[in-house]
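Take a look at this one chain, the form predicted on its own, written out in structure tokens.
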Amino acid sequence: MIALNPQTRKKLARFKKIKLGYVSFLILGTMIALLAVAELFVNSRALVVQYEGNLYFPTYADYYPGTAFGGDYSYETNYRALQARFQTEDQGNWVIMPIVPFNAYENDATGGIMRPEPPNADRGHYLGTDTTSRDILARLVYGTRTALLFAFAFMVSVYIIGIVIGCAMGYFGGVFDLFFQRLIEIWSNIPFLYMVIIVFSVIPAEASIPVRIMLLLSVMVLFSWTSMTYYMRTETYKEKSRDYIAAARVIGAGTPRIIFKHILPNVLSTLVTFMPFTVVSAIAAITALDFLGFGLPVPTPSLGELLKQGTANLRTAPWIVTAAFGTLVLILTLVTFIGEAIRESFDPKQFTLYR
């Protein structure tokens, strides 16, 4: 059990009373939980295969070749075709497929011609297909999961760098503080978009998708940590002059203990308040970079890539931009509502009487 102090419990109680933010938190939490197991709902692999008295669970297992289920090919089983075959043979074998039986990279073109097709529930394309006949719902689900993972990794990285440097600036002050202030001012004037273009222009074409994603994350973090340092510097500079810090020094507390045991817990409200807005900025940034073609590498599913397709085919395939834009608005709205509720519940000016 995590023991929360009375002040934290009061702040959480205030957060629960802000219905719009609390309901948004529950909705977003449910979405994240479902996205974490998205393969159970959106996937071209079967959930369960019953073949000749044996059960197979291909979703999270190594792939099974077609020969494992009586096929005449050695590459991965086409489970939709296997389901149709079992139904035709009627020998007691069966396949359970996810609700959306397509993955984010699979082309399912009618008549072999790749083109956007409108929503078709009979074929399992509930939001239609994109310009290369890939299922839009599948790409939205995995693109949203990628964006949220990217945003959370971005937030954690920015917070670690910003907290360490900002606290050090505020606590030590003097020449150390002046040096990092000038360094941050210079670093903040470097154009972020140009650096992304330069970095991606020199990445080898054979670089793997995880490597390219990590490079993009690193570049974004390197040019986004500076704003957090100013908040942490200000809060640390204010807190270190209080009596409880002087008392900690008198009883022999060292610098790490003072910073991590005394100062950081007292600036927690600032950190928590900015978390949702940092996530919003990260999602908006990665979506914009994907839209411009400098974001996640092809063919990684992303909201920006779908928006780019949708705007290019606005008249012929409006369902693409509608689905992508609606998803983006929903996520950003939920996170913004949560951020506003957290800011209000952690704001001491609304619930503290100064004398």
Partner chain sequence: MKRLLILVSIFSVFACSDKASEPETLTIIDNTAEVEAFYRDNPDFFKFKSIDDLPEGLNWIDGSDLPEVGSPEAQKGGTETVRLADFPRTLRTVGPDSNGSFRPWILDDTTMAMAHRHPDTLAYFPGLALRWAVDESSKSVFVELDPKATWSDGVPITADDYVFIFWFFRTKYITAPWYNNWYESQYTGITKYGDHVIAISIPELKPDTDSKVLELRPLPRHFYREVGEDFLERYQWRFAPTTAAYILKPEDLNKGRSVRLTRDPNWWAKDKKHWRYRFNLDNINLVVIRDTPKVFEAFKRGDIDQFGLNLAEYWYDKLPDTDPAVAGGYIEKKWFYNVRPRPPYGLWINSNQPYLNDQNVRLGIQHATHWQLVIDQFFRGDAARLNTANDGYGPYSHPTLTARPFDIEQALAYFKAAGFTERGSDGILQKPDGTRLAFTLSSGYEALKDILTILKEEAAKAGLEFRVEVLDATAGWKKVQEKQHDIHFSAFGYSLELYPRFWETFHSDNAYDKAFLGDGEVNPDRKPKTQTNNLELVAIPEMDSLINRYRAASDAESMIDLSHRMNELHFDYGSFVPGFKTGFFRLGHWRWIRYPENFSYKHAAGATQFFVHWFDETRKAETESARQTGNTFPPEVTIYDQYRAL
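Numbering follows the first chain given and starts at 1. Please read all numbers here as calculations on a predicted model, not as lab measurements.
Below: the form predicted together with the partner chain, not depicted.
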**Asked** Is Val48 close to the partner chain in the model of the complex, meaning a heavy atom pair under 4.5 Å apart or at it?
**Response** no
**Message:** Phe223 versus the partner chain, in the model of the complex: is there a non-hydrogen atom within 4.5 Å?
**Reply:** yes
**Message:** Since only the chain is shown here, I'm wondering whether Asn313 would be in contact with the partner chain in the model of the complex (any heavy atom pair within 4.5 Å).
**Reply:** yes
**Message:** Quick check on Gln91: any heavy atom within 4.5 Å of the partner chain in the model of the complex?
**Reply:** no
**Asked** So which of Asn120, Gln87, Thr255, Asn107 reaches within 4.5 angstroms of the partner chain in the model of the complex, heavy atom to heavy atom?
**Response** Asn107
**Request:** Would you kindly say which of Tyr244, Tyr75, Phe260, Phe179 lies with a heavy atom within 4.5 Å of the partner chain in the model of the complex?
**Result:** Tyr75
**Prompt:** Judged by heavy atoms and a 4.5 Å cut-off, are Tyr60, Ile286 and Ser345 together in contact with the partner chain in the model of the complex?
**Reply:** no
**Asked** Based on heavy atom distances of at most 4.5 Å to the partner chain in the model of the complex, which listed stretch, 225-233, 195-203, 276-284, 155-163, is the contact stretch?
**Response** 195-203
**Request:** Pull the contact list for 125-151: residues with a heavy atom within 4.5 Å of the partner chain in the model of the complex, in sequence order.
**Result:** Thr131, Thr132, Arg134
